[in-house]
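Shown below, as structure tokens, is a lone chain in the form predicted on its own; questions about how it binds or moves come after it.
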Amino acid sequence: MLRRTAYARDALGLEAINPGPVVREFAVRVPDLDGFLVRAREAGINPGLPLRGVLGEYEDGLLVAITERRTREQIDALAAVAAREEVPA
């Protein structure tokens, strides 16, 4: 679990809000959060919880949770959304 979560945080290539060790979830800054959310949802991906309204100082923040059900392929698909690449089928 720890490796998969760390892999996801690295694969997204976004600025970590909490750069320390992670277990199941982590927060990142997403420069175009609204566009990212739209692209992820259009690809059938639940991208995580936007932090605006929850933690006001992180209007561009996203909380991402990686459970034991998330595969490496699903993580790579989310990373493709972050990189504005075509999402693998």
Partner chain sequence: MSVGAEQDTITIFERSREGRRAFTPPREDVPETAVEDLLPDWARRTDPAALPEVSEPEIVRHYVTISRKNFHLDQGFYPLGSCTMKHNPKLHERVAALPGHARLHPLQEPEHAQGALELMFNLQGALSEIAGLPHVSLQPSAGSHGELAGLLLTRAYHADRGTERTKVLTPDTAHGTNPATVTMAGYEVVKVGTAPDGGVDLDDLREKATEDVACLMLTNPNTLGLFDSNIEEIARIVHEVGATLYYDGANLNAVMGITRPGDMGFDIVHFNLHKTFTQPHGGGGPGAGPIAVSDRIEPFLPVPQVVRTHSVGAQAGRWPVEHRRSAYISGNGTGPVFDLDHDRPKSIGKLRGFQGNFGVFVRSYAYICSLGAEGLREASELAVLNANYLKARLAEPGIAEYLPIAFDRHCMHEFVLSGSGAKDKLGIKTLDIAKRLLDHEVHPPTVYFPLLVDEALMIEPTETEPKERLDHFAEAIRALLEEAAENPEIARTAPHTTPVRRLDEAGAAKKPVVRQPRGPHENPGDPGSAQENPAAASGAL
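Please read these numbers as outputs of a predicted model, since none were measured by experiment. Residue numbers count along the first chain shown, from 1.
The next section is about a form of this same protein that is not shown, the form predicted together with its partner chain.
Q: Please state whether all three residues Glu15, Asn18 and Gly35 have a non-hydrogen atom within 4.5 angstroms of its partner chain in the model of the complex.
A: Judged in the model of the complex, none of Glu15, Asn18 and Gly35 sits within 4.5 Å of its partner chain.
Q: Is Ala83 part of the interface with its partner chain in the model of the complex - any heavy atom within 4.5 Å?
A: No, no contact at 4.5 Å.
Q: Quick one: does Ala43 come within 4.5 Å of its partner chain in the model of the complex, counting heavy atoms only?
A: Residue-level check for Ala43: no, no contact with its partner chain.
Q: Residue-level question: is Val22 within 4.5 Å of its partner chain in the model of the complex, judged on heavy atoms?
A: It does: once its partner chain is placed as it appears in the model of the complex, Val22 has a heavy atom within 4.5 Å of it.
Q: Would Ala6 show up as a contact with its partner chain in the model of the complex if we use heavy atoms at 4.5 Å?
A: Yes, Ala6 lies within 4.5 Å of its partner chain in the model of the complex.
Q: Suppose contact means any heavy atom within 4.5 Å; which members of 47 to 66 contact its partner chain in the model of the complex?
A: Residues within 4.5 Å: Leu49, Pro50.
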